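Below sits a lone chain in structure tokens, taken as the form predicted on its own.
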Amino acid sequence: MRWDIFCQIVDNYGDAGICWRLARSLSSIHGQEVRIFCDDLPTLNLLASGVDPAIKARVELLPWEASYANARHPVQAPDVVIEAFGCDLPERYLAGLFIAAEKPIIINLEYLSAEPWIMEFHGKPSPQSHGIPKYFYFPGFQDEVGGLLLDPIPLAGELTAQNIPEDLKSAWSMLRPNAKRVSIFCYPGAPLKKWLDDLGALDENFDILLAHGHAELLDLALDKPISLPENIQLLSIPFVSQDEYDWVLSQCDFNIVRGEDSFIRAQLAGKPFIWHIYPQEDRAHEVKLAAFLDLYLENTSQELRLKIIAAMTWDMPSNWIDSLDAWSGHALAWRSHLLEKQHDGGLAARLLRFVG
């Protein structure tokens, strides 16, 4: 089938990351024809860089305005149109669909959630005045919803691989053999300086890998004096492709991630992590985080459960890091649980069955 995915970038990387990973899964694993129309093509191209050229060549990455041509060529109407995260389709593109001989299915791809209420709304129709069928589609952890975007699934051997990507060799050469590795990719509101100061009070070395732009974004520029203990080493890594970032997560002892794509990849890395969920003014993010933790911690001891909740809500590391070994064991068990629950292929495969 032919798929058109529309992506308007709100969170800089997250929305584009999900759209690209879905497109590559549909094309390279499931043999679908996919186009992405994006309002920030440079960011999308950056995320798609570094992958096998044969995989990238299967997906057309196009500027948002390129979709307007569909109004002049209605015979090119796709089988499926995806509105990523509820973005509105361009009116000129819709006009082409109206006069197409065969109408597509429109999928409103929602944000990932662990909240129970999504089971009632997943797959429900959204009647439109133009008559083209449209449906709500909710990615999620439960069997009854749209699944998780897992592709590509890292093999067990890859989680400990030492084939360092070229872009990361400089930073990796500065890592200390006796230090724990922590990667950080978070939003500006995180209490990061205080968190690092507390980490520095521990009797252990930590190498902190800051995602691209974080040194400046979080006022931790490496060319300025920073009053951090000697056991803390800050390293900035360059902008890397999705596959290279996945590799970083697998090579760290602890990860701080944000958004949706890195959140899932941290779980697939099988390592302890903090999910810095996007903060919302009405504090709805707290409900979403609690819903995930209810699933994530369902089979843990009460002691470990309290420690992980404390970490996820930015309690200082000294209050929970003594449980890191137990958390590491839980993270591997959760990874196995996720892969077992998504044995049907996860989001991409479930989407195919839904529209088929």
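Note that this is a predicted model, so its numbers are computed, not measured. Heads up: residue numbers just count along the shown sequence, starting at 1.
Below, we refer to the form predicted together with a small molecule, which is not included among the displayed structures.
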Contact residue in the model of the complex, chosen from P125, G131, G189, P238 - any heavy atom within 4.5 Å of the small molecule: P238
Answer with one of F98, W172, F136, Y111: the residue that has a non-hydrogen atom within 4.5 Å of the small molecule in the model of the complex. Y111
Using heavy atoms and a 4.5 Å limit, would one call L47 a contact residue for the small molecule in the model of the complex? yes
Interface membership of R181, the small molecule in the model of the complex, 4.5 Å heavy atom rule: no
F185: touches the small molecule in the model of the complex, heavy atom cutoff 4.5 angstroms: yes
State yes or no: in the model of the complex, is some non-hydrogen atom of Y278 no more than 4.5 angstroms from a non-hydrogen atom of the small molecule? yes
Given that the partner is absent here, state which listed stretch (258-266, 116-124, 173-181, 198-206) has heavy atoms within 4.5 Å of the small molecule in the model of the complex. 258-266
Would the small molecule in the model of the complex be within 4.5 angstroms of a non-hydrogen atom of every residue among G140, L293 and Y296? no
